[in-house]
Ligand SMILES: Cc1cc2nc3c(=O)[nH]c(=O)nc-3n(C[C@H](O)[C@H](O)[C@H](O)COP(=O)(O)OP(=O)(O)OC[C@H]3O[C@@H](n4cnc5c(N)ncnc54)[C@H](O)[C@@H]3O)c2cc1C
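Heads up, the chain below is alone and in the form predicted on its own; it's given as structure tokens.
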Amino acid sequence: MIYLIAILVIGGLFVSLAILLLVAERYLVRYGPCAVGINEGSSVLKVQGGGTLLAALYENKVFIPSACGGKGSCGYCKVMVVAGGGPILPTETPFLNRVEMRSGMRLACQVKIKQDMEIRIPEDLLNVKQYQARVSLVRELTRDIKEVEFDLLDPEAIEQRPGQYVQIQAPGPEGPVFRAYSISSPMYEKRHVQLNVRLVPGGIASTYIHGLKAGDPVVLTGAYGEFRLSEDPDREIVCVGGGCGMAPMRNIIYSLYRRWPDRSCWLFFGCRSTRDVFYLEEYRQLAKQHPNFKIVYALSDPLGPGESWDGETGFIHLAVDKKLIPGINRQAFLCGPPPMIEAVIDVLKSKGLTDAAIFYDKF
């Protein structure tokens, strides 16, 4: 018992000392004004030292991806720190590979501004904006997926590429959090943003979004993402999704057929059961207008009592393997759970696609 008490006392002292150090750094250490240069001086931010780089960027309307609210648990807020960032912290290393570490990549939420800094971020992120929006439509697609549409108020229009995403601000127990959702509305619809959102049990943002109704105000930032649709009209497009991974595929398909009515495109979509099928009839109508649009839905679970299905069955990568012939000039976009993504990538590579021709989002 004496040893236990001693251990508890020592542990308490260490915790107290750590808290005192954090308080001392916050209130006693004054770093003064600091300059944060972005992309070799193309922009310079004047900030008060002592806070995190992520907070300073957001305060100056430079919005980089961050899903965890700056807690260091998502690994999205990567920026290249050229100078002034100090050593890499243990809280960062789980999210950085060796190449990233050698290049100066850091987590902006973990880097404290203590002196002048130089950073590099993709130019696309400098165009990301924060939007005040209002819910205009909420529609149930399946038992756990809703289609939610937002009218943009300020600014009134968004520039986005097919396959990009926005981050929705949701109230969390410790303050606002941001979560990423792919844009399902096509790029030519600039005055509103549509999402497909699956309800995650206990999920902060999905619970918040599923509780929204028409007229509710919402804050979002965007657009983010690396998807880039090929401009070559002779290049076939392959879209593969599962669940709410439909959203970027819908954006790509409608954007594509607005510009190239005769372009060849495949949509492969994996569902568990007939209850998870949505947008199928709408796509069939689209295919009547664009005969080079081919649709393949596949059910992975056995049919239940009273269910009927005349389409493909099994996992969606099997349908991809069955339907695609090798040797065609293609570009592919994938969105879904990691096992699905990995299986589909293997199939696509066996058909002749290179890594550069495959874009994917895992969730």
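Just count from 1 along the sequence shown to find any residue number. Since this is a predicted model, take the numbers as computed values, not measurements.
The same protein also has a form predicted together with this ligand, omitted here; what follows describes it.
J.: For the three residues 67, 202 and 247, which mark the spot I'm curious about, does each lie within 4.5 Å of this ligand in the predicted bound form through at least one heavy atom?
T.: All three within 4.5 Å in the predicted bound form.
J.: This ligand isn't shown here, but in the predicted bound form which of 119, 133, 193, 197 has a heavy atom within 4.5 Å of it?
T.: Result of the distance check: 197.
J.: Within 4.5 Å, heavy atoms only, which of 165, 293, 150, 269 is in contact with this ligand in the predicted bound form?
T.: So the residue touching this ligand in the predicted bound form, by this definition, is 165.
J.: Would residue 180 sit within 4.5 Å of this ligand in the predicted bound form, counting heavy atoms only?
T.: Judged by the heavy-atom cut-off of 4.5 Å, residue 180 is in contact with this ligand in the predicted bound form.
J.: Does at least one non-hydrogen atom of residue 206 fall within 4.5 angstroms of this ligand in the predicted bound form?
T.: Yes, residue 206 lies within 4.5 Å of this ligand in the predicted bound form.
J.: Classify residue 259 as contacting or not contacting this ligand in the predicted bound form by the rule of any non-hydrogen atom within 4.5 angstroms, answering yes or no.
T.: No - in the predicted bound form, heavy atoms of residue 259 and this ligand never come within 4.5 Å of each other.
J.: At 4.5 Å between heavy atoms, is residue 71 in contact with this ligand in the predicted bound form?
T.: Result yes; residue 71 sits at the interface with this ligand in the predicted bound form.
J.: Look at the stretches 150-158, 259-267, 71-79, 97-105 and give the one with heavy atoms within 4.5 Å of this ligand in the predicted bound form.
T.: Of the stretches listed, the one contacting the partner is 71-79.
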